[in-house]
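This document contains two forms of one protein chain, each encoded as C-alpha coordinates and listed individually as structure 1 and structure 2.
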Structure 1
(Lines of atoms letter the chains of each structure in order from A and count residues from 1; the text may use other names and numbers.)
(Lines give C-alpha, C1' and ligand atoms only; values in the text may rest on other atoms or scores of the structure.)
Protein backbone atom coordinates (compact mmCIF):
# COMPACT_ATOMS: atom_id res chain seq x y z
CA UNK A 1 0.00 0.00 0.00
CA UNK A 2 2.81 2.37 0.88
CA UNK A 3 4.46 1.74 -2.51
CA UNK A 4 1.26 2.80 -4.34
CA UNK A 5 1.15 5.97 -2.32
CA UNK A 6 4.71 6.87 -3.37
CA UNK A 7 3.90 6.11 -7.04
CA UNK A 8 0.69 8.19 -6.89
CA UNK A 9 2.57 11.10 -5.29
CA UNK A 10 5.26 10.97 -7.99
CA UNK A 11 2.61 10.78 -10.75
CA UNK A 12 0.82 13.83 -9.32
CA UNK A 13 4.08 15.79 -9.14
CA UNK A 14 4.86 15.02 -12.78
CA UNK A 15 1.31 15.80 -13.89
CA UNK A 16 1.59 19.14 -12.08
CA UNK A 17 4.83 19.98 -13.94
CA UNK A 18 3.24 19.07 -17.29
CA UNK A 19 0.14 21.14 -16.44
CA UNK A 20 2.27 24.18 -15.56
CA UNK A 21 4.25 23.81 -18.78
CA UNK A 22 1.06 23.65 -20.87
CA UNK A 23 -0.29 26.75 -19.12
CA UNK A 24 2.95 28.61 -19.83
CA UNK A 25 2.82 27.47 -23.46
CA UNK A 26 -0.77 28.73 -23.83
CA UNK A 27 -0.01 32.12 -22.25
CA UNK A 28 3.07 32.54 -24.45
CA UNK A 29 1.16 31.66 -27.63
CA UNK A 30 -1.91 33.78 -26.85
CA UNK A 31 -0.37 36.86 -25.25
CA UNK A 32 3.32 37.13 -26.12
CA UNK A 33 4.52 35.41 -29.32
CA UNK A 34 3.08 32.95 -31.83
CA UNK A 35 3.67 31.72 -35.36
CA UNK A 36 1.17 32.07 -38.17
CA UNK A 37 0.94 30.61 -41.67
CA UNK A 38 0.08 33.37 -44.16
CA UNK A 39 -1.35 32.37 -47.56
CA UNK A 40 -2.67 34.26 -50.55
CA UNK A 41 -1.81 36.96 -53.05
CA UNK A 42 -2.98 40.04 -51.13
CA UNK A 43 0.42 40.79 -49.58
CA UNK A 44 2.56 40.24 -52.69
CA UNK A 45 5.46 41.03 -53.04
CA UNK A 46 6.12 41.23 -49.28
CA UNK A 47 4.81 37.72 -48.57
CA UNK A 48 4.78 34.72 -50.92
CA UNK A 49 1.55 33.54 -52.55
CA UNK A 50 2.38 29.92 -51.64
CA UNK A 51 2.64 30.77 -47.97
CA UNK A 52 5.07 32.07 -45.39
CA UNK A 53 5.33 31.32 -41.70
CA UNK A 54 5.72 34.54 -39.74
CA UNK A 55 6.30 35.29 -36.07
CA UNK A 56 3.64 37.50 -34.52
CA UNK A 57 4.08 39.38 -31.27
CA UNK A 58 0.97 40.18 -29.25
CA UNK A 59 2.22 43.05 -27.10
CA UNK A 60 2.55 46.10 -29.38
CA UNK A 61 -1.15 46.51 -30.08
CA UNK A 62 -1.99 46.18 -26.38
CA UNK A 63 0.56 48.88 -25.53
CA UNK A 64 -0.50 51.19 -28.38
CA UNK A 65 2.85 50.81 -30.14
CA UNK A 66 1.57 50.22 -33.69
CA UNK A 67 2.02 52.68 -36.52
CA UNK A 68 1.65 53.15 -40.24
CA UNK A 69 3.63 50.60 -42.20
CA UNK A 70 3.33 47.79 -39.64
CA UNK A 71 2.17 44.36 -40.81
CA UNK A 72 -0.62 43.15 -38.56
CA UNK A 73 -2.74 40.06 -38.05
CA UNK A 74 -6.39 41.04 -37.72
CA UNK A 75 -9.67 39.23 -37.20
CA UNK A 76 -11.74 39.68 -40.36
CA UNK A 77 -14.71 42.00 -39.77
CA UNK A 78 -16.61 40.13 -42.51
CA UNK A 79 -15.90 36.58 -41.28
CA UNK A 80 -14.70 36.34 -37.65
CA UNK A 81 -13.40 32.81 -38.28
CA UNK A 82 -10.73 34.20 -40.63
CA UNK A 83 -7.50 35.97 -39.80
CA UNK A 84 -6.07 38.48 -42.28
CA UNK A 85 -2.55 39.82 -42.65
CA UNK A 86 -2.46 43.42 -43.87
CA UNK A 87 -0.40 46.60 -43.57
CA UNK A 88 -1.54 49.57 -41.50
CA UNK A 89 -1.80 52.53 -43.88
CA UNK A 90 -3.34 55.11 -41.52
CA UNK A 91 -4.01 55.49 -37.81
CA UNK A 92 -6.92 57.21 -36.09
CA UNK A 93 -7.18 60.88 -37.08
CA UNK A 94 -5.17 60.40 -40.30
CA UNK A 95 -6.67 61.34 -43.65
CA UNK A 96 -6.58 58.52 -46.19
CA UNK A 97 -7.29 58.68 -49.92
CA UNK A 98 -8.14 55.42 -51.63
CA UNK A 99 -9.63 53.97 -54.77
CA UNK A 100 -12.23 51.19 -54.61
CA UNK A 101 -11.06 49.99 -58.02
CA UNK A 102 -7.27 50.34 -58.47
CA UNK A 103 -7.63 50.02 -62.25
CA UNK A 104 -9.50 53.36 -62.28
CA UNK A 105 -7.27 55.84 -60.49
CA UNK A 106 -9.59 58.76 -61.28
CA UNK A 107 -12.31 57.44 -58.94
CA UNK A 108 -10.85 58.01 -55.49
CA UNK A 109 -12.37 58.89 -52.12
CA UNK A 110 -10.97 60.44 -48.97
CA UNK A 111 -11.89 60.08 -45.32
CA UNK A 112 -10.49 60.62 -41.85
CA UNK A 113 -9.92 57.43 -39.86
CA UNK A 114 -12.23 57.58 -36.81
CA UNK A 115 -11.06 57.28 -33.20
CA UNK A 116 -10.30 53.69 -32.15
CA UNK A 117 -9.81 52.51 -35.75
CA UNK A 118 -7.01 51.92 -38.26
CA UNK A 119 -6.98 51.74 -42.05
CA UNK A 120 -5.44 48.52 -43.40
CA UNK A 121 -4.61 47.51 -46.96
CA UNK A 122 -2.86 44.62 -48.66
CA UNK A 123 0.32 45.37 -50.58
CA UNK A 124 -1.28 43.94 -53.75
CA UNK A 125 -4.22 46.33 -54.16
CA UNK A 126 -5.66 44.45 -57.15
CA UNK A 127 -6.66 41.35 -55.16
CA UNK A 128 -6.78 42.50 -51.53
CA UNK A 129 -10.02 42.64 -49.54
CA UNK A 130 -9.23 45.30 -46.98
CA UNK A 131 -10.44 48.62 -45.53
CA UNK A 132 -11.34 49.78 -49.03
CA UNK A 133 -14.11 47.16 -48.90
CA UNK A 134 -15.14 47.06 -45.22
CA UNK A 135 -14.05 50.50 -43.99
CA UNK A 136 -11.86 51.44 -41.05
CA UNK A 137 -10.98 48.48 -38.84
CA UNK A 138 -11.71 48.67 -35.09
CA UNK A 139 -8.46 48.56 -33.13
CA UNK A 140 -9.85 45.69 -31.04
CA UNK A 141 -9.74 43.34 -34.04
CA UNK A 142 -5.94 43.57 -34.23
CA UNK A 143 -4.41 40.34 -32.90
CA UNK A 144 -0.71 41.07 -33.29
CA UNK A 145 2.17 42.50 -35.28
CA UNK A 146 4.04 40.27 -37.76
CA UNK A 147 7.73 41.05 -37.50
CA UNK A 148 9.74 38.09 -38.83
CA UNK A 149 9.47 35.51 -41.59
CA UNK A 150 10.78 32.10 -40.45
CA UNK A 151 9.70 29.97 -43.43
CA UNK A 152 10.79 29.39 -46.15
CA UNK A 153 14.42 29.36 -44.96
CA UNK A 154 15.60 31.22 -48.07
CA UNK A 155 13.45 34.23 -47.02
CA UNK A 156 14.24 34.10 -43.30
CA UNK A 157 14.52 37.55 -41.73
CA UNK A 158 12.79 40.62 -40.36
CA UNK A 159 9.77 41.97 -42.23
CA UNK A 160 10.51 45.56 -43.17
CA UNK A 161 8.33 48.02 -45.02
Structure 2
Protein backbone atom coordinates (compact mmCIF):
# COMPACT_ATOMS: atom_id res chain seq x y z
CA UNK A 1 0.00 0.00 0.00
CA UNK A 2 2.80 2.36 0.90
CA UNK A 3 4.43 1.88 -2.47
CA UNK A 4 1.30 3.03 -4.28
CA UNK A 5 1.22 6.16 -2.15
CA UNK A 6 4.84 6.91 -3.03
CA UNK A 7 4.15 6.36 -6.72
CA UNK A 8 1.02 8.51 -6.56
CA UNK A 9 2.93 11.29 -4.85
CA UNK A 10 5.66 11.21 -7.46
CA UNK A 11 3.06 11.21 -10.24
CA UNK A 12 1.34 14.24 -8.71
CA UNK A 13 4.66 16.11 -8.40
CA UNK A 14 5.53 15.45 -12.04
CA UNK A 15 2.02 16.31 -13.22
CA UNK A 16 2.15 19.62 -11.38
CA UNK A 17 5.51 20.51 -12.97
CA UNK A 18 4.11 19.70 -16.41
CA UNK A 19 0.95 21.65 -15.60
CA UNK A 20 2.91 24.73 -14.54
CA UNK A 21 5.01 24.56 -17.67
CA UNK A 22 1.93 24.33 -19.88
CA UNK A 23 0.40 27.33 -18.13
CA UNK A 24 3.56 29.34 -18.72
CA UNK A 25 3.69 28.20 -22.35
CA UNK A 26 0.09 29.13 -22.88
CA UNK A 27 0.40 32.58 -21.31
CA UNK A 28 3.42 33.30 -23.52
CA UNK A 29 1.61 31.98 -26.56
CA UNK A 30 -1.54 34.01 -25.96
CA UNK A 31 -0.16 37.31 -24.69
CA UNK A 32 3.38 37.73 -25.98
CA UNK A 33 4.51 35.76 -29.00
CA UNK A 34 3.21 32.75 -30.88
CA UNK A 35 3.82 30.91 -34.12
CA UNK A 36 0.85 30.31 -36.35
CA UNK A 37 0.30 28.29 -39.49
CA UNK A 38 -1.63 30.39 -41.98
CA UNK A 39 -2.81 29.22 -45.39
CA UNK A 40 -5.22 30.12 -48.14
CA UNK A 41 -5.26 32.25 -51.29
CA UNK A 42 -6.66 35.45 -49.84
CA UNK A 43 -3.31 37.03 -48.99
CA UNK A 44 -1.34 36.29 -52.22
CA UNK A 45 1.35 37.32 -53.02
CA UNK A 46 2.25 38.29 -49.47
CA UNK A 47 1.55 34.85 -48.00
CA UNK A 48 1.74 31.55 -49.86
CA UNK A 49 -1.36 29.59 -50.73
CA UNK A 50 0.01 26.30 -49.43
CA UNK A 51 0.77 27.69 -46.02
CA UNK A 52 3.33 29.68 -44.07
CA UNK A 53 4.43 29.70 -40.46
CA UNK A 54 4.42 33.26 -39.17
CA UNK A 55 5.38 34.78 -35.83
CA UNK A 56 2.52 36.71 -34.26
CA UNK A 57 2.98 39.17 -31.43
CA UNK A 58 0.08 39.82 -29.09
CA UNK A 59 1.23 43.06 -27.50
CA UNK A 60 0.54 45.74 -30.10
CA UNK A 61 -3.19 45.37 -30.26
CA UNK A 62 -3.53 45.60 -26.46
CA UNK A 63 -1.41 48.75 -26.40
CA UNK A 64 -3.40 50.30 -29.24
CA UNK A 65 -0.36 50.44 -31.52
CA UNK A 66 -1.92 48.94 -34.62
CA UNK A 67 -2.28 50.94 -37.82
CA UNK A 68 -3.02 50.71 -41.51
CA UNK A 69 -0.85 48.24 -43.37
CA UNK A 70 -0.43 45.82 -40.45
CA UNK A 71 -1.02 42.13 -41.03
CA UNK A 72 -3.31 40.88 -38.29
CA UNK A 73 -4.82 37.62 -37.09
CA UNK A 74 -8.48 38.12 -36.29
CA UNK A 75 -11.30 35.92 -35.04
CA UNK A 76 -13.83 35.60 -37.85
CA UNK A 77 -17.09 37.49 -37.28
CA UNK A 78 -18.91 34.87 -39.34
CA UNK A 79 -17.52 31.73 -37.69
CA UNK A 80 -16.12 32.23 -34.17
CA UNK A 81 -14.08 29.03 -34.42
CA UNK A 82 -12.06 30.32 -37.37
CA UNK A 83 -9.10 32.70 -37.39
CA UNK A 84 -8.42 34.88 -40.42
CA UNK A 85 -5.22 36.61 -41.55
CA UNK A 86 -5.83 39.93 -43.31
CA UNK A 87 -4.34 43.39 -43.61
CA UNK A 88 -5.70 46.47 -41.84
CA UNK A 89 -6.60 48.95 -44.59
CA UNK A 90 -8.26 51.65 -42.46
CA UNK A 91 -8.59 52.46 -38.77
CA UNK A 92 -11.59 53.96 -36.99
CA UNK A 93 -12.55 57.35 -38.32
CA UNK A 94 -10.89 56.83 -41.71
CA UNK A 95 -12.86 56.91 -44.93
CA UNK A 96 -12.55 53.76 -47.01
CA UNK A 97 -13.43 53.34 -50.69
CA UNK A 98 -13.90 49.84 -52.01
CA UNK A 99 -15.63 47.87 -54.73
CA UNK A 100 -16.95 44.39 -54.23
CA UNK A 101 -15.80 43.36 -57.69
CA UNK A 102 -12.33 44.71 -58.55
CA UNK A 103 -12.85 44.11 -62.26
CA UNK A 104 -15.63 46.68 -62.36
CA UNK A 105 -14.14 49.69 -60.66
CA UNK A 106 -17.06 51.97 -61.43
CA UNK A 107 -19.24 50.34 -58.78
CA UNK A 108 -17.23 51.55 -55.80
CA UNK A 109 -18.69 52.52 -52.44
CA UNK A 110 -17.41 54.69 -49.62
CA UNK A 111 -17.96 54.72 -45.91
CA UNK A 112 -16.34 55.92 -42.69
CA UNK A 113 -15.03 53.23 -40.35
CA UNK A 114 -17.05 53.53 -37.09
CA UNK A 115 -15.53 53.92 -33.64
CA UNK A 116 -14.09 50.77 -32.16
CA UNK A 117 -13.78 49.06 -35.57
CA UNK A 118 -11.17 48.51 -38.28
CA UNK A 119 -11.43 47.73 -41.97
CA UNK A 120 -9.55 44.64 -43.09
CA UNK A 121 -8.94 43.31 -46.58
CA UNK A 122 -6.98 40.45 -48.03
CA UNK A 123 -4.15 41.38 -50.41
CA UNK A 124 -5.72 39.14 -53.06
CA UNK A 125 -8.91 41.14 -53.50
CA UNK A 126 -10.43 38.68 -55.95
CA UNK A 127 -10.78 35.70 -53.60
CA UNK A 128 -10.72 37.28 -50.16
CA UNK A 129 -13.78 37.32 -47.90
CA UNK A 130 -13.18 40.38 -45.75
CA UNK A 131 -14.65 43.70 -44.58
CA UNK A 132 -15.98 44.31 -48.08
CA UNK A 133 -18.36 41.42 -47.37
CA UNK A 134 -18.97 41.39 -43.62
CA UNK A 135 -18.45 45.07 -42.81
CA UNK A 136 -16.12 46.79 -40.36
CA UNK A 137 -14.49 44.46 -37.87
CA UNK A 138 -14.84 45.21 -34.12
CA UNK A 139 -11.40 45.91 -32.68
CA UNK A 140 -11.97 43.34 -29.92
CA UNK A 141 -11.78 40.51 -32.44
CA UNK A 142 -8.15 41.24 -33.30
CA UNK A 143 -5.88 38.63 -31.78
CA UNK A 144 -2.36 39.62 -32.84
CA UNK A 145 -0.08 41.19 -35.42
CA UNK A 146 1.92 38.98 -37.81
CA UNK A 147 5.36 40.53 -38.24
CA UNK A 148 7.67 37.79 -39.48
CA UNK A 149 7.63 34.64 -41.53
CA UNK A 150 9.78 31.68 -40.46
CA UNK A 151 8.69 28.95 -42.91
CA UNK A 152 9.32 28.14 -45.74
CA UNK A 153 13.01 29.03 -45.37
CA UNK A 154 13.11 30.59 -48.82
CA UNK A 155 10.66 33.26 -47.63
CA UNK A 156 12.20 33.74 -44.19
CA UNK A 157 12.10 37.34 -42.99
CA UNK A 158 9.98 40.26 -41.92
CA UNK A 159 6.58 40.87 -43.43
CA UNK A 160 6.66 44.38 -44.80
CA UNK A 161 4.27 46.83 -46.33
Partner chain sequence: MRQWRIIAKEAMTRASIIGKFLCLLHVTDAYVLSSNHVLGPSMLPTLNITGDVVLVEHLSHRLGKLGSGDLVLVRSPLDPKKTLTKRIVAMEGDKVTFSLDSTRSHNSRSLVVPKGHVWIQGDNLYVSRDSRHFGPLPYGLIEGKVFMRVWPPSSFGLWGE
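Numbering follows the first chain given and starts at 1. These numbers were taken from a predicted model, which means no experiment stands behind them. Take the two forms, find the largest set of C-alpha atoms that superpose within 1.5 Å, and that set is the rigid core.
Matching each structure to its source, the form predicted together with the partner chain turns out to be structure 2. A displacement of 2 angstroms or greater separates the C-alpha positions of residue 21 between the two structures, with the rigid core held in common.
In the core-superposed comparison between the two structures, the C-alpha atom of residue 148 has shifted by less than 2 angstroms. When the rigid core is fitted, residue 11 shows a C-alpha shift of 7.0 Å between the two structures.
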